[in-house]
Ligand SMILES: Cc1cc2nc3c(=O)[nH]c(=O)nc-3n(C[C@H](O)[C@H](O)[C@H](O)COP(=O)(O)OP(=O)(O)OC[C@H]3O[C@@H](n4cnc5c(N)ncnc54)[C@H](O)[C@@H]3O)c2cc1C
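Next up: a single chain in structure tokens, the form predicted on its own.
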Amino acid sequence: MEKILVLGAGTGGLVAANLLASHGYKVTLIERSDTHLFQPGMLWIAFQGHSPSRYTRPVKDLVRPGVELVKGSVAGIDLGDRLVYLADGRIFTYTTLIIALGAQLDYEAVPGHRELVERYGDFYSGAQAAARMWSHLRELVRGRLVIAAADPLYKCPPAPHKAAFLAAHTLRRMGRLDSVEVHLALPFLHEYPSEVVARIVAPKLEEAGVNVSTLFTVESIDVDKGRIYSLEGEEIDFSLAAVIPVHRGPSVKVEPGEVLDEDGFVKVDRYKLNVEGYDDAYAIGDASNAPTSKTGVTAHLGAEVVVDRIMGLDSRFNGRTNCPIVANGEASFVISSYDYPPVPVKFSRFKRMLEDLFIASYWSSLKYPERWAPIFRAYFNATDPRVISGGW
């Protein structure tokens, strides 16, 4: 009998495990945390004051019958011998492995970053850190809020833009936008990595009252002086700051080590998502080095492809992205694939409604992905970059 082992109960891991269970497979899912966090919710906690409980659920409530949930921290993977080692000494064997361990956040890569997060919180470390950021933002009467990135590679490329939009909206509502500057510092040539998207986002940032510095890659942070320094030789003073940390691959020892790239991400076939050199092991979502955005949507779509392939179908992952950019009552999406760069997608209230619908369906789509598949498939077909290449 097939022994399917899924490592990690994030978006990709839960979708893969629950889909396989719906097809009658017996699956073991290993997860170190009792709680699943809807990661985009940290933005709303940090900059709108939402309750953390709104964006968390017990992992056990998101797992279907047929999935054995094991609490434990993965310490090592031996792809040759098909073994997974847990930190407490337990060892698991498998016939098929799905690595969905996500990316690790490296707060030691930038001097002063750890201290910054400990003092002010942020919107990447977790729900409690996001709540701490909110407690400081609501007390900020005058000064400068800086939102920056320590590296161009991070989860959800529009996240800093959403943070700036949400913070500016909150400060405007509080009557403080004239006395508190929202400053977005980005390590890109334009206001977004894609110039096409930047041309749409830049006017909205200006309209929201957000100042932007481009070609600003955080090199170090002096928390006591309230100053951020960049690799490019610039510096920005702050009263409150949130810096997106450097991302690394899963902090797990993997044999052979050659399947990891220089940043620790698992090398995969970009279309089949199997680990390079291994047909019985896959990596999905943020853990892989697939050349596409690290987002929940790509993790979900990648999980569907892997399940299809385990079932014997020649399914292919096309690198599709669907990253929302929320600006007050409107939204846009960054839509692209391996074969098509981002297409121009205008901000509209209708797209904001679509984003709200995605959020509302999130928990159910993790546990019952096959029920939502027809709706999601219709949406992704209708918004395929080939279909809307001229704009939407």
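What you see is a predicted model, and the numbers here were worked out from it, not measured in a lab. So that there is no doubt, residue numbering starts at 1 and follows the sequence shown.
Just so it is clear, the following notes concern the form predicted together with this ligand, a form of the same protein that is not shown.
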Contact of residue 284 with this ligand in the predicted complex (heavy atom, 4.5 Å) | yes
Check whether residue 148 has any heavy atom within 4.5 Å of a heavy atom of this ligand in the predicted complex, and answer yes or no.
-> no
With a 4.5 Å heavy atom cut-off, would you call residue 252 a contact of this ligand in the predicted complex?
-> yes
Closest heavy atom of residue 33 to this ligand in the predicted complex, within 4.5 Å or not?
-> yes
Within 4.5 Å of this ligand in the predicted complex by heavy atoms, the stretch out of 89 to 97, 177 to 185, 206 to 214, 70 to 78 is 70 to 78
Of 238, 123, 165, 317, the only residue with a heavy atom within 4.5 Å of this ligand in the predicted complex is 123
Since exactly one of 248, 294, 132, 309 fits, which has a heavy atom within 4.5 Å of this ligand in the predicted complex?
-> 294
Taking only heavy atoms into account, state which residues of 51 to 68 are within 4.5 Å of this ligand in the predicted complex, ordered by sequence.
-> none
